[in-house]
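Here we start with a single chain on its own, the form predicted alone, put down as structure tokens.
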Amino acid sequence: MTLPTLPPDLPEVRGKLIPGAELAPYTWFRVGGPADALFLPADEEDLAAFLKALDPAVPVTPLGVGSNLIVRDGGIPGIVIRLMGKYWGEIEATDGLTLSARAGALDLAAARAAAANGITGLEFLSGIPGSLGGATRTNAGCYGRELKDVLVRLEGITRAGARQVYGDGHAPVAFSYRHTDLPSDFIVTRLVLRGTGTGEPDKIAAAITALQARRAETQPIKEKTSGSTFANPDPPGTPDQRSAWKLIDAAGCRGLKVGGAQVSPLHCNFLINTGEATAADLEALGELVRARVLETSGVELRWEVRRMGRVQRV
């Protein structure tokens, strides 16, 4: 397969450029069509040079580890960029309270790195599925904390191939509940995170282990699933109306199925691929849940799982 929208004089990349790459294996739901091309850059210089040379008309889509994503069955047009491998997963402690991490590092790995260096306040990251770069897209959070609470600085590459820094005296970035205003094609390459204090590494690690055990008991983490499907509604409302899973449960959706997609019987704010689901099944199930919740409670749930790409035409 070729990508006719690529300019003929595109320079050689040091990473990998894969035309027609299937994206389902890169998502936790294991669904979705191919990218026109998938680019796995070797480092920041490789990424910047590629974007600078790429025809501005070619769309670019950053992809994390696909933990909070439905790629539609028609695939994604243009270039999908994923930061993966040892280089992109590096994390280092820069002082007694701060971590510097590349965007491909997993949230859990960052929590564990903080523990190993005696840094407290980052344990909550262990409950967020996915990578740090992906977490910036939705200001991911759990256990009462969000990424914005610990984020000091963001570094990345613009669509034009230029370096850009947010925070820490540079351009501001606005965070809100499960949202940031970063440009959709901006590629986050590095984050600087700051903890709240110091402690004994063994005790911090034990706290992370306890959070992981709690998550395994309450969420279908062994299934083909993602993070929470819908954001909790904003107040006002009764306590039951501020929790997406309670609204879904009250609407009778626990265990509901469309094709190979199912609302998790364990935690009904999670959708699961039972084995043969398509992206269309998952999205249709999500919309059915939203419709039933609206009908029974008057609350319109907002998707937290990102959905992107082309709808496959029959």
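Remember, it's a predicted structure, so these values are computed and weren't measured experimentally. Don't overthink the numbering: it's just position in the shown sequence, from 1.
The discussion below concerns the form predicted in complex with a small molecule, not included here.
The stretch that touches the small molecule in the predicted bound form, counting heavy atoms within 4.5 Å, is 211 to 219, out of 194 to 202, 168 to 176, 211 to 219, 113 to 121. The putative spot formed by G15, A37 and K52 is not touched by the small molecule in the predicted bound form; no residue has a non-hydrogen atom within 4.5 angstroms of it.
Although the partner is absent from this view, P41 stays clear of the small molecule in the predicted bound form, with no non-hydrogen atom inside 4.5 angstroms. A residue is said to contact a partner when one of its heavy atoms sits within 4.5 Å of a partner heavy atom; C142 meets this definition for the small molecule in the predicted bound form. Residue contact check for L256: none of its heavy atoms lie within 4.5 Å of the small molecule in the predicted bound form.
The shortest heavy atom separation between P62 and the small molecule in the predicted bound form is within 4.5 Å.
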